[in-house]
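Look below for two forms of one protein chain, each set out as structure tokens: first structure 1, then structure 2.
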Structure 1
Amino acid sequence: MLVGPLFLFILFTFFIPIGDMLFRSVENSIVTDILPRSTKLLADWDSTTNELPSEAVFAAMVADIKEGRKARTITRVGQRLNYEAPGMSSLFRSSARKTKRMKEGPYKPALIKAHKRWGKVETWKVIKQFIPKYTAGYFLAAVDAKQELNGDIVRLGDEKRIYIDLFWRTLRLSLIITALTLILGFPIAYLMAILPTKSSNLLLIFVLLPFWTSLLVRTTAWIALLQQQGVINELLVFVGLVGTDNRPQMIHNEFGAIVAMTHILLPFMVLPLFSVMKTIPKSYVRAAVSLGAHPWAAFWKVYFPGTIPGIGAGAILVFILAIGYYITPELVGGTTGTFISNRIAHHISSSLNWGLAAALGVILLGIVVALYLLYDKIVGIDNMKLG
């Protein structure tokens, strides 16, 4: 009873919307729903003969287009098919205006006259290919592949491949950012753990200070610092390390995305490390040194193993946050520093290709789950501690 309201809140505001979104990665009922008469007849059409469908199919298509025009839904099927074959959107939009004058048959020559693409077998093959209510087309597009009209699955040309490279870049940069936060955060957390409480609390405030500043403000601050006319480049020119005409490009590339995201995600590494290090008795290292161990050997063999749970917690936290970031890479990453999450956001808000966005999200979720299981097998999730 106590957890019931929270469970219902999470169910209706989190799980159901995400489940609906992920379902869109295979859902394909829009063609059948908007073109019910013609798709029913097309299901029996033999596309291997390379002959146009019968007059009955053309008549059914005209009736579907007229009805879709009245309901203002015909452009939706054009937009859906346009993802697979460019020009389908304009085909249905143009035909919707011209079919209202078609009162009686024969409809085949009239529809071909309205738009010449109706006279091409490939147009009808595309429509037939997406009659099923479920499709793998979005997932194929998400891995830079497509299904030909004859059913063969082929990879896109090198100039059209986008997403596989983006997935690799996202994983690579996320791992680099995770490693950098660990390298930078471990000494800070260690210093906070060994200092007196008063000094430790002061450092903790500095670590938490970024949380009190807007993410957008922190990102734009890095733009001011890293741009070619920014603070860092001006300083390099002032001290004579670089010439005015040879200022390094430190933003709108991978370097800018790594620097900005490392700074933003650093507290998520420091806090788990600090919370675990605080529980390790300082007497352990002193005892090892008093027994003849070198200070470095005492640290590495006695102190460091106790920090592994904090490293695991911080690493998995930073990595999962980094792999899904899109605001910071969008602002400072340019064309070479954007993540796959930027393309997902683009398809959700701009191109409105929700099916492809959902497919990309499913693949990204699968990668994260696979890495999580790998982490559990190697390190053990039970060894991860936040304090």
Structure 2
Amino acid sequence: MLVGPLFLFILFTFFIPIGDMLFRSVENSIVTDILPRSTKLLADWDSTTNELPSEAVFAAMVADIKEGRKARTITRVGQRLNYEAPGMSSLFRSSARKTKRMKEGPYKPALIKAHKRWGKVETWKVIKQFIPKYTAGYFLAAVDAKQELNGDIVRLGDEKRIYIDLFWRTLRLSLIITALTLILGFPIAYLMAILPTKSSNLLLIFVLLPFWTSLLVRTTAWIALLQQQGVINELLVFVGLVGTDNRPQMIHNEFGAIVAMTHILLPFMVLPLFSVMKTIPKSYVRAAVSLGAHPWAAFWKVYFPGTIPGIGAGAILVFILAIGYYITPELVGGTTGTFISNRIAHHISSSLNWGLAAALGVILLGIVVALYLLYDKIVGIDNMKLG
């Protein structure tokens, strides 16, 4: 089997990592790993009675915190719980310091004295929520919802909703970019298709050159063009269209992201369109015209339907690429032109909420896989061509 080695390689370097991400988006073992004794006892505690857990649970918690403090893992529990209930991080941090002096029981009053939140049933309910090995909590957070302590799932208040809006924005911007690449790509693909091979090959180079040029080069170029002191603004000031004091803001916003990404993704629209249009015989339109059709009608009724497979292929390709774009929105998008991928990156490298990053990633992956299946249905993966 010649396919074997690559199959194993892709499995290890690519599929297992993606699987790892799926696992992390539901994984919930951090609290039970670091607080093993207390969570074990807490599992038997009946939270509906609204009574604090027994002395044994408090003793186990003190032991867990002491151990966690030594292993320096206790702050991670606090951090994780803090995503669900603000204040938990400081609760664990300050209690960790004070448990040092708790040599013997009874631990219940001692711990409550160390921090009054230990005396509240809600605190224990939050911890109890983390006993199951898997959680839907990250996914709920990714769609701006959360699970209440009584098990109900509620949507967050309007001011706290971020991700649904961000998903909509990502979809909206990707659609705009797809539409723009189609509007700009269709005429030039058509021109290349009707010109003789020699001239169209020359024009093809103009499409392929940006396609082959580093993404960062193209993004840098747009920064140079669009920034406040950039080429386009200088030109506008020079011809007197705008005053030097009110130069339009064209970058680090939605506009900049749309322009730069339309430029970057345009070749991905033109190439499939061109390869489909090349196969439509020019004589069809001529025949229609000679039979008395208006040139417009001939184009619209005879030529255009033939290009639909190319439009479908190009549009889905551009849309898939746009929806997962990271670099360009990060550099030219500012705050209003960011995509969901920027948020994923933020949670991986800045806020370190990896579970939420993984959940957002899984949702994005689901959207892309659905589109990919659609692409396969329309074009077929085997027909994918490059350059």
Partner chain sequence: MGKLPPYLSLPERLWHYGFRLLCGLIFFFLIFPLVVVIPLSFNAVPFFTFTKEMLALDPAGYSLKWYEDFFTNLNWQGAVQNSVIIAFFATLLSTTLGTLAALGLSRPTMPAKTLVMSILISPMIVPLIISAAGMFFFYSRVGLQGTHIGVILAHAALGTPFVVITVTATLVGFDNSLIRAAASLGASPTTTFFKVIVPLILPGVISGALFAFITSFDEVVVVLFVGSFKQRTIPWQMFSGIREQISPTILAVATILVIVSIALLVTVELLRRRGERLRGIQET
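A quick note: this is a predicted structure, and the numbers were derived from the prediction, not measured. Just so we're on the same page, rigid core means the largest C-alpha set that superposes within 1.5 Å between forms. Here, a residue number simply tells you its place in the sequence of structure 1, counted from 1.
Taken from the form predicted alone, structure 1 is distinct in origin from structure 2. The Cα position of residue 198 differs by less than 2 Å between the two structures after fitting on the rigid core. A movement of the C-alpha atom of residue 234 falling short of 2 angstroms is seen between the two structures when the two forms are aligned on their rigid core. Smaller rigid part rotated by 13 degrees relative to the larger one between the two structures (C-alpha superpositions, whole degrees). We note a C-alpha movement of 4.8 Å at residue 117 between the two structures, with the rigid core held in register. Core-based alignment between the two structures gives a C-alpha movement of 2.3 Å at residue 80.
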